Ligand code: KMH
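As a starting point, one isolated chain is supplied in structure tokens, in the form predicted on its own.
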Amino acid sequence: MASKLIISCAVLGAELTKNSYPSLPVTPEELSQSAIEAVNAGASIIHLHVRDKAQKPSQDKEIFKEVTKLIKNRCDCIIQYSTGGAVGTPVKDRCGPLSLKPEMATLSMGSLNFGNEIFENTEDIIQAINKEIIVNGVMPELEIFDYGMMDTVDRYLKKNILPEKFHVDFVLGVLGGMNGEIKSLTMLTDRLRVGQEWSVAGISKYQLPLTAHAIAMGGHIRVGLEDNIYYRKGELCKNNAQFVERVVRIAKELDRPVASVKEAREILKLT
């Protein structure tokens, strides 16, 4: 029997600008408000990137601290820091916010072409971030963009490099990574250990079909402006909460109850 559905919301990514999406939340106040709206709509996890005063992607620990405080002052949720930063961010900066000891943080399991750029995650980078995750007692969410990254996961598990507890998120549809077709998702989930909780983030047009299939398959869901700005073809979404609300409706129709924040912590063994 599948566990209750955990909904993650990636309220902001590193690439999007207000030129493409004028209502993009970028200030600490805007980010926290968008996160709170998503939690009120049904999200349990907030996947967090931040921006500096020039609206540029940042791994500044103090900005992460400020946004986290603003969110926590108004609601309870699991806050998951991105260690990806933006393409080209030095690994030391990517690790910086981990000293704040968030409940979760991402750990990308390999390099890939990211459009016309390279999202670099060499063995040294993966292990450096993983070390800081362990030192700070953070649960990693292993980000899988391509099939070969599952081989890296298996290799690290055999060598006892990864923490005992982790979550897996399949990010599908990135240009340069694995596409978001359903067969891609089933290929990847077949590689998981029995009982491993997982989620999927479908990029752009893949978000909605992957959401429906993952719910039916017993997986969890990530939605949000980092992954997609269109509610349907040609129609910009109103905000992050609108995506979460749709997931809640689909889950209800598929008889898959949505997890509360407390239940999400229990499912992920964060408590």
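Numbers follow the displayed sequence, beginning with 1. Being a predicted model, the structure only gives us computed values, none of them experimental.
Form predicted in complex with the ligand: not shown, discussed below.
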In the predicted bound form, segment of 181-189, 82-90, 152-160, 96-104 with a heavy atom within 4.5 Å of the ligand: 82-90
Please determine whether Glu226 contacts the ligand in the predicted bound form, using a 4.5 Å cut-off between heavy atoms. yes
Though only this chain appears here, would Glu15 touch the ligand in the predicted bound form if you measure heavy atom gaps against 4.5 Å? yes
Though only this chain appears here, would Phe166 touch the ligand in the predicted bound form if you measure heavy atom gaps against 4.5 Å? no
Taking heavy atoms only, is His47 within 4.5 angstroms of the ligand in the predicted bound form? yes
With the ligand taken in the predicted bound form, which residues across 95-126 come within 4.5 angstroms through any non-hydrogen atom? Thr106, Ser108, Phe114, Phe119
